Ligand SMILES: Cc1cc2nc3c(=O)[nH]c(=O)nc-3n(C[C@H](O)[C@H](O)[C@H](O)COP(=O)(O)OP(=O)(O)OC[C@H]3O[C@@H](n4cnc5c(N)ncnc54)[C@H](O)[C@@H]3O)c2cc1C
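Okay, so here's just one chain, in structure tokens, the form predicted on its own.
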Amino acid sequence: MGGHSRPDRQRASRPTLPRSLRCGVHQQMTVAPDTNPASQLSSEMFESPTAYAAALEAFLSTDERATPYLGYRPHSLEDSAAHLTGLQALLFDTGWSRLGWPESAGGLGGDPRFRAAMFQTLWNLDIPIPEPFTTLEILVPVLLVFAPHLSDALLPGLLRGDDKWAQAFSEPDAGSDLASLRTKMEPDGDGFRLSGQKVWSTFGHLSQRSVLLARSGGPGHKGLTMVLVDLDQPGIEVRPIRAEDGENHFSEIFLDNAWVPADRVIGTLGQGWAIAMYMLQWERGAWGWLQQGRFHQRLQQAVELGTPNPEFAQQLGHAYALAAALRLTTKQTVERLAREEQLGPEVSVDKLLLIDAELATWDAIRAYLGPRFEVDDTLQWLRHEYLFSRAAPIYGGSQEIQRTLVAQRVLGMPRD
């Protein structure tokens, strides 16, 4: 399970301080972010993720601009997306969210541990993490390696919340089996035309662009290509899908001769499957780390909301134990990514741990809060998260597929 080095483009750099900080000026500076992207940061914060997290917590706890996001409870998914765009802008303009991304793409340098520290700090302060941050963690590391011209040009807008992206891989007849997808990609002048249907694209109806997997060649894995397509163009219709909790978490995307220029190809023609496999290590590690913070925070909130009852101690303890296992495992995954290792099928373990922790967390919360969980209007946000948790064994790779991968490719068990 040892890793090997990733492509040079992804190599993390030491965080780069602005000249004033390198000269030992540690006071906060009020400078426009385009002239000094680390306007709220001091040199000590660049030394380690721990120092950075402590400084970020102090900033968010005391700066009045962060007050609207502390303990925020959304009325709807769309309200949440609009409100938390302000948080993205604040973190970007003050420099906090740029640490952990390369300078070439508008960041301040450093490795993924700084980004992980930011997410944990937000959860610790009961600040919801904007959905675009999860998309960033999955898609942008891929662009840094396979399409740096796109990441360099577009990452700042994504980080700040000016742009939102979706991921369009699954199709009605191709979910876990992406090799069977049918969306066609055909040459047309200095670009390509896309025709087909995608489904289960998170936040698709709120996104301006989507990373999309299409068939540019023959059948099977080798005929797939990954592209970045504009969604606000003729030939594309995005329809939100109402989920069980009443929210539009997902969308269908219909493509009818939609246009994508040649410079929006990620990697090369026919490389889509290999890139999708490279993406999985970020999807498993980053998403798992994000969610473990949520589980710990929600369990703590449930304990504070409910009445102490030993009857539920074992169930709550079991959920805490599973969330802690997820935290430890995904922490190791993030650290391996920071060391520039190429992760393999073992990251499916992260996904399996996430499924167990998510289901156990919400089952424990619902049982502990009892009837109040079902009828208290102030807990509607908790009920929505519970309902979404029921999809854990399916989204992002089904539980059965992950178990098969671990059995065959990690443990070496026979196929029969």
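In case it trips you up, residue 1 is the first one in the sequence shown, and so on. Please read all numbers here as calculations on a predicted model, not as lab measurements.
Absent from the display: the form predicted in complex with the named molecule. The rest refers to it.
Thinking of the named molecule in the predicted complex, which stretch from 365-373, 64-72, 49-57, 386-394 has heavy atoms inside 4.5 Å of it? Contact-bearing stretch, as computed: 386-394.
Note which of Ser151, Ser201, Ser97, Gln292 lies within 4.5 Å of the named molecule in the predicted complex, where distance is taken over heavy atoms; exactly one does. Looking at the other structure, the residue within range turns out to be Ser201.
Heavy atom within 4.5 Å of the named molecule in the predicted complex: which of Gln88, Ser207, Thr329, Gln167? Here the answer is residue option Gln167.
Is Ile401 one of the residues lying within 4.5 Å of the named molecule in the predicted complex, judged by heavy atom distances? Contact with the named molecule, yes.
Taking heavy atoms and a 4.5 Å cut-off, does Phe250 contact the named molecule in the predicted complex? Phe250: yes, in contact with the named molecule in the predicted complex.
With a cut-off of 4.5 Å between heavy atoms, is Gly175 one of the residues that contacts the named molecule in the predicted complex? Flag for Gly175 set to yes.
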